[in-house]
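Let's start with one chain on its own, the form predicted on its own, as C-alpha cells.
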C-alpha cells in the first residue's frame, strides 16, 4: 500500500515539474512516459480501517461456535450416527483447559465431555489439584462420537481426517478462553493437536506448545482405569504438579506427596 502511494506521488511530481517549466517559458510540449501515465491512472490504495474488537462476551462467542458445531456435517457419517454434538463445558476464563480425543457413548448421550468412568477420574484429579470441575474448561478434539460398525459396542479412536475437520472448532474455543495452560489427555489428543504421534513415555512430563499456549501432555484417565499401578498414577499427578506450578497455583506438602 505504501509503495502504491509513493509511485502515485512520484508520477504527480513529474507532471507538476513539467507544467512548471511550461509556465516559466520553456517551449517544449509536455510529455509523460507510459509508466508515469499508468501510475497516475492507478488510484493509490485506501488505507484499511482497523477492525473493531469483538464486543461480545466470551459466553456469547462460545455459544456462536457451539451453534455452528451443532449443525456441522463435515463428517457426514458422524453427523448421521451421533445423538448430539459434545462441545465443551467449564469456565470461559479458565486458566487450565483439558483436551481429550473424542466423546464416548456416555458423552454422546449426555452432550457433555468426560462424564463416564474416565470423566469421574478426571474430576477427582481436578479436585485434588484444588479446583472444581466448573473452574476449568474441558473439551475434546472431536465434537462428535466416532461411529462404530453395526453390531459393535464400545468406542473407537477418531481418524486423522476426522480430527482435522474438528480442530478449527477447538482452536476457536482456545482463542476465546485463552487458558494459561492446555493439558492433552492421551496420545490421540496429542495427534489431533500437534499432528504427530509418539509414545506417552516420551511425550509426557515436559512442556510443549500449541500456538504459543503451553501444553502439558499426560495419560488419558482411561489408561489409569486399565493400569492401576501406583507408579503410573504418580506420573499423571507429577504432570499436574507441573501444571499447577506453571499457573502459579499454590501447592501444599500434602499435594506434593499425593497419589491418585
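Numbering follows the first chain given and starts at 1. Since we're looking at a predicted model, the values are computed, not measured.
Quick note: we don't show the form predicted in complex with a small molecule, though the next part is all about it.
A.B. asks: What is the one choice in 184, 102, 96, 170 with a heavy atom within 4.5 Å of the small molecule in the model of the complex?
C.D. replies: Of the candidates 184, 102, 96, 170, 102 is the one lying within 4.5 Å of the small molecule in the model of the complex.
A.B. asks: Even though the partner isn't displayed, in the model of the complex is residue 220 close enough to the small molecule, meaning a heavy atom within 4.5 Å?
C.D. replies: Because a heavy atom of residue 220 falls inside 4.5 Å of the small molecule in the model of the complex, the answer is yes.
A.B. asks: With the partner left out here, check for me: in the model of the complex, does some heavy atom of residue 107 sit within 4.5 Å of the small molecule?
C.D. replies: Heavy-atom contact with the small molecule at 4.5 Å: present for residue 107.
A.B. asks: Please determine whether residue 114 contacts the small molecule in the model of the complex, using a 4.5 Å cut-off between heavy atoms.
C.D. replies: Heavy-atom contact with the small molecule at 4.5 Å: present for residue 114.
A.B. asks: Taking heavy atoms and a 4.5 Å cut-off, does residue 144 contact the small molecule in the model of the complex?
C.D. replies: Looking in the model of the complex, residue contacts with the small molecule do not include residue 144, since no heavy atom lies within 4.5 Å.
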